[in-house]
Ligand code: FUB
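As structure tokens, one chain now follows by itself in the form predicted on its own.
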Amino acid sequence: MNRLTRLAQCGFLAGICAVAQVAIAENPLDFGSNIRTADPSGHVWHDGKMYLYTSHDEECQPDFYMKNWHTFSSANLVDWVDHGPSLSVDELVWADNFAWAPDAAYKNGKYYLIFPAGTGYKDRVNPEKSTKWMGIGVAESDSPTGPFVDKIGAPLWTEPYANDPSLFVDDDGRAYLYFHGKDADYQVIEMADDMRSVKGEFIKMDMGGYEPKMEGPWVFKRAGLYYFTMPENNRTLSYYTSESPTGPWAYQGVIMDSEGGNNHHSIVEFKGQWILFYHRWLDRNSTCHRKQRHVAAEYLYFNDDGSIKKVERTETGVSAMD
């Protein structure tokens, strides 16, 4: 075989490999089963892998009745391991339903899963008859994949009604808890050093005069600048920036347009590239033939001034990052 023939074969094989890599990149993410997932919280821990903490939509569930949280891990964003339920409402003494959007953190040599859960029933026809309540709990583990154990056996507080926690640990080790709350949006409270309680008072943050309806906040830090991101009006992802984790914040605009249905996201750096995790409403082999939620991912880019470039949804999402 002459050198030109070998080069041609190598080029052909490289082309096949490139096509194969694109082919296995998939949006929504392929978790190896038909599991319905939503509300992804992405974190890179000490082993360099990406960990996703998600809520778990049961097939054709009624009105977001959800029972457990799942943890997934990947070394390249394409090949995922499902570590199974890392916590279930069956293990809680203070809640029995509404296993909604979780977050996670590492501190004190422990991994923490912070989660919303609740009790009761939401009557959408006659709201005055609703008994639904939700609070935020925290569970611990020696492993990033759990199992996580509720060490305090209670929510961190009972008033205000709250869900969708985002737990940000700053460079100095101080941990801040952001959340969506009834008549309590755009507030933050600091966690105690042992991560089993909160300390101080709720801080109503200065959002620069713009406070649209929101849920699912996510806070991260890049190049000394803090970013407060959220689903504005529960649909459109937008963001603020600040020089402090408690504000004041300046509104900067939209990251991702609405696709219909709520959205919930996280933004995290992985191997030098920023990634936006979010969920989509799609009918993919649904037994009830309706749209359900599935976690997806896109690359996210910044301008030189630190502003975020708008992200478009794609069918391929992110490719393998080795």
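Start at 1 with the first residue shown and count on from there. Bear in mind that the values here come from a model prediction, so they are computed numbers and not experimental data.
The same protein has a further form, the form predicted together with beta-L-arabinofuranose (FUB), not shown here; the description that follows concerns it.
Engineer: Of these, Ile255, Val268, Met50, Met66, which has a heavy atom no more than 4.5 Å from beta-L-arabinofuranose (FUB) in the predicted complex?
Structural biologist: Looking at the other structure, the residue within range turns out to be Met66.
Engineer: beta-L-arabinofuranose (FUB) isn't shown here, but in the predicted complex which of Trp100, Phe168, Trp249, Tyr239 has a heavy atom within 4.5 Å of it?
Structural biologist: The option sitting close enough to the partner is Trp100.
Engineer: Which is the contacting stretch out of 257 to 265, 26 to 34, 42 to 50, 284 to 292, given heavy atoms within 4.5 Å of beta-L-arabinofuranose (FUB) in the predicted complex?
Structural biologist: Flagged stretch: 257 to 265.
Engineer: Report whether the minimum heavy atom distance between Asp185 and beta-L-arabinofuranose (FUB) in the predicted complex is within 4.5 Å.
Structural biologist: Residue-level check for Asp185: no, no contact with beta-L-arabinofuranose (FUB).
Engineer: Using heavy atoms and a 4.5 Å limit, would one call Asp164 a contact residue for beta-L-arabinofuranose (FUB) in the predicted complex?
Structural biologist: Although beta-L-arabinofuranose (FUB) is absent here, Asp164 would touch it in the predicted complex, with heavy atoms inside 4.5 Å.
Engineer: Just checking whether Glu215 would be counted as a contact of beta-L-arabinofuranose (FUB) in the predicted complex - the rule being heavy atoms within 4.5 angstroms.
Structural biologist: Taking the distances in the predicted complex, the answer for Glu215 is yes, it comes within 4.5 Å of beta-L-arabinofuranose (FUB).
Engineer: Select from 44 to 60 the residues with a non-hydrogen atom within 4.5 Å of beta-L-arabinofuranose (FUB) in the predicted complex and write them out in sequence order.
Structural biologist: The stretch 44 to 60, when checked against beta-L-arabinofuranose (FUB) in the predicted complex, contributes only Ser55 at the 4.5 Å heavy-atom cut-off.
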